[in-house]
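Okay, here we've got a single chain as structure tokens, the form predicted alone, with questions on binding and movement later.
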């Protein structure tokens, strides 16, 4: 497997990078109030105001920003974080960078709920919603290459053999067909999806719920290194950030936003994969599910999602390619259907053939009677059947041809 060419990096004002690195650490994502301040005054000024911590008078922090940053505003590791990132061959991608996937992330502020994702009953409104302040990345792919032909593959950690096979096999075929596989590097479906893409030398992206320097789960340390060399590892959390349950839920919104569609391979009724699918649906992206056994709890979530009008059932890779491609591209051809020797037969000829016993012969008169066809048409029907090799004449009687 050969590594892709290094990503093209355009220079960004170092002061902007330091400011966004600092802001990335001082507020727990998503931080809507802080994001609003950054949009209003710019990252450098916003960072200075947060450091100063002034709550009254000119330049005072809005109450929401003060609340979001109160616990950490005195922690400034921007220089050290950026140095660690550079030492690992990474880069900080910010909205001022040409690589920033602004179009893909733009809808997050409109659909996410307090924990960065819609509730199970639908979007929870704008309170708490925000785009990332920055993205810490390692790898040769570019974030702005998506979301077209980027597919999120998500599912259960406690996956079945069936689910693992689908994730691995379909991801390999998707990568072979030029689709970038995006997942969360977790055990189960996520890991199988990444490995499937890497196995064929294809692109894959891992979105983390921890710092870029953390290998989580530890079992996937080698896998994450492979992804960083040949694809992309992404997180909105600063170096050293530990994985936590709420961070996985927040992380899932990025998988939905960075891709043109999300495929849920297996999922329990209440799970992170379900939340990812709901964010994708709220963003107007394609949502697909793989059907599974009705007896499997790991397919219950997929079957519930399939009841939603905007969700489609994916029965083969072609369906996924169609959903994540540009409109009109990658259309799935109808599946091939088996042909039968009786296809296209006249209804009367079909009745004549069905009137023939499997192991006995019949006279023409008996056939016409049993089939209920006009004796005047019988010769035509028998000729048609004989031409297709379906019947044979045997001493003035007719029988089915063996085989």
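Residue numbers count along the first chain shown, from 1. Here, rigid core means the biggest group of C-alpha atoms that superpose within 1.5 Å across both forms. For clarity, every value in this text was computed on a predicted model and none was experimentally measured.
Omitted from view is the form predicted together with another copy of the chain, to which the following refers.
Residue contact check for residue 170: one or more of its heavy atoms lie within 4.5 Å of another copy of the chain in the model of the complex. Contact annotation for residue 148: none of its heavy atoms lies within 4.5 Å of another copy of the chain in the model of the complex.
The closest heavy atom approach of residue 371 to another copy of the chain in the model of the complex falls within 4.5 Å.
Residue 351 belongs to the set of residues with a heavy atom inside 4.5 Å of another copy of the chain in the model of the complex. Against another copy of the chain in the model of the complex, the set 70, 270 and 312 is in full contact: each member has a heavy atom within 4.5 Å.
For the candidate set 303, 142, 88, 226, a heavy atom within 4.5 Å of another copy of the chain in the model of the complex is found for exactly one residue, namely 303. Checked against another copy of the chain in the model of the complex, the residues 220, 214, 138, 319 give one hit for a heavy atom within 4.5 Å, which is 319. Stretch-level contact check against another copy of the chain in the model of the complex with heavy atoms at 4.5 Å: of 91-99, 204-212, 294-302, 183-191, the positive one is 294-302. Residues 244, 245, 246, 247 are the members of 214-253 with a non-hydrogen atom no more than 4.5 angstroms from another copy of the chain in the model of the complex. Residue 366 is among the residues whose C-alpha shifts by 2 Å or more between this form and the one not shown once the rigid core is aligned. Put the two forms on the same core and the Cα of residue 45 is off by less than 2 Å between this form and the one not shown.
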